[in-house]
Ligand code: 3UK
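Just the one chain here, laid out as structure tokens, in the form predicted alone.
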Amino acid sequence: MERLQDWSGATPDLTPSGHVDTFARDNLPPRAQWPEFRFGLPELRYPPRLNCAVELLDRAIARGRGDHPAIVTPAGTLTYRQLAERVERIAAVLVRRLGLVPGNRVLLRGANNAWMVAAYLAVLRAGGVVVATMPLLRAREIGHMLRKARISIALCDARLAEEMRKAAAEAPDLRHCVCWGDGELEGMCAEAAPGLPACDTAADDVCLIAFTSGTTGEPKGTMHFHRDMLAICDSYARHVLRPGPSDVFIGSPPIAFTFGLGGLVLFPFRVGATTVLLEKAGPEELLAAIAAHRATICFTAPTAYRAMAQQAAGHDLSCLRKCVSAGEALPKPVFEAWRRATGLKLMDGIGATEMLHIFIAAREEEIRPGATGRPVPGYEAKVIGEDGREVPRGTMGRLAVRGPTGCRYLADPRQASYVQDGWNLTGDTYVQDEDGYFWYQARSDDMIISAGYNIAGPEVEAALLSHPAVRECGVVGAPDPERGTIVKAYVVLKPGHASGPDLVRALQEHVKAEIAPYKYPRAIEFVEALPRTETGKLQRFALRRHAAAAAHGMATAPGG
């Protein structure tokens, strides 16, 4: 029996790495800036040597799930045994044809389909480090990740190759870019022999660098270990979601989001269940797929549940038994609308890319409408004031959390802001009640969360400023009855340019061409000047106040 390391208390020492390329471990933050990790639950005390792909696939087959459907897509079904063979073949291509050595970073670019999942698991099995990207990202955003993580290999859906080629032109470390969907990777896999042994990785070897945009607009790489991938399964999924091997998972979040990775890959595979993957998962498509595949567990954002509630009567949703909402705050009216439409309580939760997945939530029988929930077993949370001390119950303050996962930025000075005194400060404002439930109030920073997407205002500002008509701009979140929050831009024009609907559309299309289309400003207001401090810094709080007043029909000046 493999020895368990004594992780019952705080952060353990790093074990000898299985990586030959030590870039990831070399660029972890200084240990003094790490959060304090907690491994109090017995199921979170993993052996020192661990490969999470083996735990998710090989162990499922060993438990007799080899012939059970693992992935269902419109193109067909893969059993666990069939998926494992594809994973082994891709891993063999990575190692034997593309020269991957353990620790190399591999960029993945694809929609939610079987090849994307197989490629993901293959990189992990081979000891590589996954950097997954959403299909909507543009060359500039992809290029930043390629350079920041010094990525040497990319696997890409052929339909997304154009932006990938643009990004690759300015990525000196990238040696190989292989596509699936056009026969290239498929041909290599057909020639590759399966059976490549899994890499002997350490439980605390980095296996994932998940990029997220911060308030500066520069993506931050969050680094996660092999053990982290299992820890979210053995904390949130095991104790709150409580799935079983007969469950059928479905949802809309991209696998490149850690919300989608957990809900559509890690959680089902940890228990030998089935996942249904949809490349197009708007409310109508998702409703139809739930009914057609008799899905039992759904993951999506509040805005989707709101739209689905209005259309639910036309679909047989009697198969559903659990519905998880995350990505943005869950408004109580959406909770009630979904319960009226389906009889089910939405399971709210808050997570963060830095924490990998959900750390505050509630089981169905413990849900309080409007509250996010209580700390997931294995995690601790508290509300603190500006001095870092816990505030009395009922007092608004900053959310601090710690547990088996936590923030480790890739070579980024913002680590010192996110982790303080051993706690992760998520950038959210909360109130904790006397019963220990946490109630969301607002974001504490300039991140805009719209329809489940995290959008950095400064990044949108940079895209707008590259248009020849824009002199200055400020971007904030504005209340919206349909999406909860939308991106709103306040724009000061250069002389000689006239404001109007035509220019609004031109600016929106310009942003869509510069960065991911979902980040574009859905509202643009032309102003004479922007509110600034005496030192010239943009006062986004003044813009947010104006946007909120405008949404409620109250006229104010942007700086008023």
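Throughout, we count residues from 1 along the sequence that is shown. As the structure is a prediction and not an experimental result, all values here were calculated from the model.
FYI, the form predicted together with the named molecule isn't displayed, but the following is about it.
Enquirer: For the interface check, one of 240 to 248, 320 to 328, 472 to 480, 77 to 85 should have non-hydrogen atoms within 4.5 Å of the named molecule in the model of the complex; which one?
Expert: Stretch 320 to 328 is the one.
Enquirer: Flag I358 as yes or no: does it have a non-hydrogen atom within 4.5 angstroms of any non-hydrogen atom of the named molecule in the model of the complex?
Expert: Contact check for I358: yes, within 4.5 Å of the named molecule in the model of the complex.
Enquirer: Please check if D428 has a heavy atom lying within 4.5 Å of any heavy atom of the named molecule in the model of the complex.
Expert: Answer yes; at least one heavy atom of D428 falls within 4.5 Å of the named molecule in the model of the complex.
Enquirer: If we define contact as a non-hydrogen atom of the residue within 4.5 angstroms of the partner, is G403 a contact of the named molecule in the model of the complex?
Expert: No, G403 stays farther than 4.5 Å from the named molecule in the model of the complex.
Enquirer: Under a 4.5 Å heavy atom criterion, is E354 part of the interface with the named molecule in the model of the complex?
Expert: The answer is yes: E354 has a heavy atom within 4.5 Å of the named molecule.
Enquirer: Here the chain is shown alone; which of Y440, Y437, W338, Y453 has a heavy atom within 4.5 Å of the named molecule in the model of the complex?
Expert: It is Y440 that has a heavy atom within 4.5 Å of the partner.
Enquirer: Heavy atom within 4.5 Å of the named molecule in the model of the complex: which of F259, Y379, F225, Y490 fits that? Just give me the one.
Expert: Looking at F259, Y379, F225, Y490 one by one, just F259 meets the 4.5 Å heavy-atom criterion.
Enquirer: So the CA-CA distance for E461 and K166 moves by at least 3 angstroms in the model of the complex. Closer or farther than here?
Expert: The answer is farther, because the C-alphas of E461 and K166 separate from each other in the model of the complex by 3 Å or more.
Enquirer: A 3 angstroms or greater change in CA distance between Y409 and P458 is reported in the model of the complex. Closer or farther than in this form?
Expert: Relative to the displayed form, Y409 and P458 move farther apart in the model of the complex - a change of at least 3 Å between their C-alphas.
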